[in-house]
Structures are given as C-alpha cells and as structure tokens.
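Below you will find one chain, with nothing else, as structure tokens; this is the form predicted alone, and questions on how it binds or moves follow later.
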Amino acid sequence: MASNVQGARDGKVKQPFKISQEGVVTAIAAILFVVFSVVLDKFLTQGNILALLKNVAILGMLAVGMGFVVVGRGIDLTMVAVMVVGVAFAIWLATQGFTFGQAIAVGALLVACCGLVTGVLIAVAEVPPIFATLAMASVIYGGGRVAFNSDVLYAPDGIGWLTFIGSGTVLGIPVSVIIFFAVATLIALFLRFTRFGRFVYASGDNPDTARTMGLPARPVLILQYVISALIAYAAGILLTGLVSGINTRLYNSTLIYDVLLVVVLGGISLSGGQGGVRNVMVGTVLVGILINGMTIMNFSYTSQNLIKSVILLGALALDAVINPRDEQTSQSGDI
C-alpha cells in the first residue's frame, strides 16, 4: 500500500500482474516442447524438427487468413475448399496448354472471385458468416469435383521455383517457414499501420457503430474474404511445393478445425475486434507441437481428433468467459 501511495505521488502507479491467454499458451507450448524432447526419442531430431516446421507453415498460413477474418467478427470455413480447388484448377489449366505461371494467375482470379461472392453474401445479403461460408465451401468443392476426375493432381515437372519453396532452405531454415513468416508479418503490419486495418478492428468491435460513423463496413468485410481466399490459395501452392501435388480429399479432413483451434487457442476472440497475428503465431506453435507429439506417440487419427476437439471445446468455453458477448451480439446472433 505504501509503495502504491509513493508510486501515485511520483506519478507512476504499478499495474497488477495480469496473466493473458497468449502467455498461458506460450508457456504450455514451451512445456510440451521440453517434455516431448525428454520423453520421445524421435522428437528432437533434425528430420522431425524440419517436418514440424514445414507442417506449421501450412497450418499457420491458413490460421493467419482465418484470424484476419475473425478479428472482423467473421469466420471463413471455405479456406480448405478454396485451397484445394484453386490449386487443382491451376494444375489442370497447366495440362491444357497454359504455362504454369499463367495457370497460377488464373487460379488466383478464381479464388478471389470465390472470396468476393462469399463476402457479398455476408456483407450485402447479410447471411450469417458461419452459414454462408459452410454453404460456399460445399459449392466450391462440389464444383471442383465435377471438373476434376482425379482426387490427386500433380504439378508439372521441372518447375524450379515450386521445388525451391517446397524443399529449399536459406541458412538452414525451410523456405516454406520463411514464406509463412513473411505473410504473417505482412498481415500484422497491414492490420496495425493501415487505415483498412483500423476499419477491420472497428467493424469487428461493433459493426453497427462502424456503419453509423460512416466507415465502409461492407467493402471492408468483402475485401477480408477476398484476402482470406488468396492466403488459402498461397498456402495451397506452398503445400504443392512440399508434396509435388494437391489432394482434393483434404477438404474432408479436420484441417479447417485445426485452423480454428489455432485461432481460438491463440487468443483471438470470436466476438471480434481483438487479437492479432501474434496470437496466431503462438497458437500455431502449440498446435503444431501437440500434433507432432501425438503422431510420434502413434496416437490413432480418431484419438488425435478427439483430443483436439476437447481442446477446441475448452478454448471456446474459455473465450466465452473471458470475452462475454455484448448486447449487439446477443441480439444479432454470433458468427
């Protein structure tokens, strides 16, 4: 008490120590890394660490896109569908006489259109994001399945830059990880230092107030989904570089829930207007270590999904307690 009084007299009041979700997640990730390193013989090997980093790069890029949308009080369940269909479409074009560069550019236009339609459905038609993106994901994947006869499409041989981003290293660091950090940094700077980024936070915090104040809430919302789709597409190209092709059945996996797990676990509130790329980074590291450890311990796919689902449920419950829904959310419903 005496120190606080003295601090007040000096104009310096000590803030009470506050434990953030981001700090807790970072600590758990560090503890898991140490425990797995001690307990699992294969964990702290060069090959496994490289595999862990490459897997984290794909998951992290998708989570950066998802986090970008969730900050604006939305959700994007189309990301995996956009990723697999967009890249598969580009590979298919490359077999029809297009150069691979031209095919990649046309594929980017396709996924941007998908993001545009999704954004219009949410911002203009005012369809709740979770329903709009769920339906759009089925439409995109269904359309892709009609067009492609094969589940797996392989990239053309001899594409040097694709091989480089998949298996190349710079100073011992996989290029895929460097690209992930570059995308994450770009989005972080975009959110923090641009007017558009401030609009995203304002719209996510209170959409009605943002519109009343004259902010272009609808165009901002639409552009969020376009950017999210392009990030998913970039993740798909990175994945193609890693495995030389794209498996469209990835849409039926639990990858989209892993992405959500990263975002919520990292501390981005589903209420919108809070969190950022740093939360995505810590969530990505934790989920990446957890999945890698469970794989080495030979947990079955079902067991891994059960554990991740329980963690996701706990993270959602924690988010609801830490960030209670405001009056507007109660009236208009959640995402």
Partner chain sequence: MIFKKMTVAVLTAAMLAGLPAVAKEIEQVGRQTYLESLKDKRVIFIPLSQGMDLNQAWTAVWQRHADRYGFEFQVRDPNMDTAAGIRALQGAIADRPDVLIVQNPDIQTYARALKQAQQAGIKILQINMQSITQTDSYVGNDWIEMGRLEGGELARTCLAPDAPSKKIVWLAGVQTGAANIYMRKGLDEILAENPELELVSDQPADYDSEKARQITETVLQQHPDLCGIMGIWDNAEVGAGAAVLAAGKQDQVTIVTNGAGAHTACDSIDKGLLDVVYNFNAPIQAEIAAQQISEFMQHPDRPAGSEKTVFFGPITRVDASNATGRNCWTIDQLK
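Bear in mind that the values here come from a model prediction, so they are computed numbers and not experimental data. In this text, the rigid core denotes the largest set of C-alpha atoms whose superposition between the two forms falls within 1.5 Å. Positions refer to the first chain, counted from 1.
Keep in mind the form predicted together with its partner chain is missing from the figure; the text below concerns it.
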{"item": "Residue 141 within 4.5 Å of its partner chain in the predicted bound form, heavy atoms", "value": "yes"}
{"item": "Contact flag, residue 96 vs its partner chain in the predicted bound form, heavy atom cut 4.5 Å", "value": "no"}
{"item": "Residue contact check: residue 206 to its partner chain in the predicted bound form, 4.5 Å heavy atom", "value": "no"}
{"item": "4.5 Å heavy atom contact, residue 239 and its partner chain in the predicted bound form", "value": "yes"}
{"item": "Contact at 20, 131 and 278 by its partner chain in the predicted bound form, all three, heavy atom at most 4.5 Å", "value": "no"}
{"item": "Region of this chain that lies against its partner chain in the predicted bound form, out of 22-30, 53-61, 264-272, 279-287 [heavy atom, 4.5 Å]", "value": "53-61"}
{"item": "Contact set, 254-284 vs its partner chain in the predicted bound form - heavy atom within 4.5 angstroms", "value": "none"}
{"item": "Residue 279 C-alpha relocation of at least 2 Å between the shown form and the other one, rigid core basis", "value": "no"}
{"item": "Core-aligned C-alpha movement of residue 304 between the shown form and the other one, 2 Å or more", "value": "yes"}
{"item": "Did residue 294 shift 2 Å or more between the shown form and the other one, C-alpha, core superposed", "value": "yes"}
{"item": "Closer or farther in the predicted bound form, the Cα atoms of residue 46 and residue 185, when the shift from this form is 3 Å or more", "value": "closer"}
